[in-house]
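Listed next as structure tokens is one chain, alone, in the form predicted alone.
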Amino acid sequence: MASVDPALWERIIQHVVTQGGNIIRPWFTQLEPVSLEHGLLEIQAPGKRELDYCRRHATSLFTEAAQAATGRLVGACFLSPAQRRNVEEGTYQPVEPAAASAEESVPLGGDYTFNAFVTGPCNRLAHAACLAVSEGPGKTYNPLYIHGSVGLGKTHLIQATCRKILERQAETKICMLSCEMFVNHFIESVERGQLHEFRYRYRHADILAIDDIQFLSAHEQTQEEFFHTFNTLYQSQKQIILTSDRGPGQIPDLEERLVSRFNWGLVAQIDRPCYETRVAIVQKKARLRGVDLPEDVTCFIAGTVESNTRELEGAIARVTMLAQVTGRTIDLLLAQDALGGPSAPARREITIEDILNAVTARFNVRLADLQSRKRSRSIAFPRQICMFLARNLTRHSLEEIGGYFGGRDHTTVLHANRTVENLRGADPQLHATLELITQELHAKA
């Protein structure tokens, strides 16, 4: 097994830092190179959640970085610590990822506590409401509805609330999950004839916390089921916590009776943080990770990244990663190198139109055919690839992706994603094609 030269890993990380943008996470500093052999760079992720994230979002980024650093056609893959041991012992065999189970729920993140949350004018009401709910679930602000743009701390707050409730009453039964997972569980239960088990699970919870409730949009049957689940929990004085990227009345195709119920309790909006709050966020996030940031670096990050908390954390990670791999002291010059300087243009997000253009060119099909009802394999398979890439490279919901392809529903998109994922694992040529298309899309972004 050929180890990775530290100088080469430094060049790879430098590329990742400058090109990674919103993909970078604070724990990227814990990624370790395992080997570079036969054109494959193997990287160890620190845990299962991090491994899943890297495989889903960071493979193309590190592949691109490895190719730029080596000047050769190199691929990147991620391993768990156990798989790394198997690699070193020569016994590693790739394993198909397990299918999602209906019993899955969102795990409580270790960093998602009230102590780690920075309050300011933008989020003070939502923070105070969550604290009140954690002290008296089901008694005040029920339901609690928090809305705001991505990366502003909605998930952080509901996880902190659930964690605090468990600290006070360890026996509390909490169901915390994404709305997409709730929808999928409902569909799966109907298909398997297990609707009674589904209802028992959610209607006997002490706390029901659902992230991104806007995904209920246009799901008539699921809305009907959620309506009755809501009523059962509310009448039993069980706490309901919901988050969304918009207010209740702004969710399209949501039944009026649900809009009305979402407004029964407290609706709290989170806005983008002001400069002073961003400075406080950078200081606290750096301190929690044991990173000593000079004052001018803190102010530079807060002044450069204006959008949300998640991107501020990513900026801290980029600065820290660059300092670690280069052995440099964290100063303003290093921060400017890591973040591209205050005037660097932001990397454009990949759109579904970009994906459609790339796939139609690669497979020599017409856009009209991809959006038609034609089911011949020459049309259906490129369409599934489009859905797979849109699912993994854009922020669009399943419904929005389906809408681009002749108004197909979210189950079609899920089926396409699973089909391509399974075929990619068994077909190296398809895997290479997907990686090539992804690299082309990132290069144009």
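Residues carry their position along the shown sequence, with the first being 1. Quantities reported herein were computed from a predicted structural model and do not represent experimental measurements.
Not pictured, yet referred to below: the form predicted together with adenosine-5'-diphosphate (ADP).
K.L.:
Would you check, heavy atoms only and a 4.5 Å threshold, whether residue 227 touches adenosine-5'-diphosphate (ADP) in the predicted bound form?
P.N.:
Outside the cut-off, so no.
K.L.:
Would you please decide whether residue 310 lies within 4.5 angstroms of adenosine-5'-diphosphate (ADP) in the predicted bound form, comparing each non-hydrogen atom pair?
P.N.:
Although adenosine-5'-diphosphate (ADP) is absent here, residue 310 would touch it in the predicted bound form, with heavy atoms inside 4.5 Å.
K.L.:
Although adenosine-5'-diphosphate (ADP) is absent from this view, report whether residue 359 comes within 4.5 Å of it in the predicted bound form, heavy atoms only.
P.N.:
Residue-level check for residue 359: no, no contact with adenosine-5'-diphosphate (ADP).
K.L.:
Does the 4.5 Å heavy atom contact test between residue 152 and adenosine-5'-diphosphate (ADP) in the predicted bound form come out positive?
P.N.:
Contact check for residue 152: yes, within 4.5 Å of adenosine-5'-diphosphate (ADP) in the predicted bound form.
K.L.:
Please tell me which of 141, 78, 117, 182 lies within 4.5 Å of adenosine-5'-diphosphate (ADP) in the predicted bound form, judged by heavy atoms.
P.N.:
Looking at the other structure, the residue within range turns out to be 117.
K.L.:
If you check 233, 281, 242, 267 against adenosine-5'-diphosphate (ADP) in the predicted bound form, which one has a heavy atom within 4.5 Å?
P.N.:
Looking at the other structure, the residue within range turns out to be 281.
K.L.:
adenosine-5'-diphosphate (ADP) in the predicted bound form: within 4.5 Å of a heavy atom of each of 112, 123 and 285?
P.N.:
All three within 4.5 Å in the predicted bound form.
K.L.:
Okay, which stretch from 190-198, 365-373, 152-160, 296-304 lines adenosine-5'-diphosphate (ADP) in the predicted bound form, with non-hydrogen atoms inside 4.5 Å?
P.N.:
Flagged stretch: 152-160.
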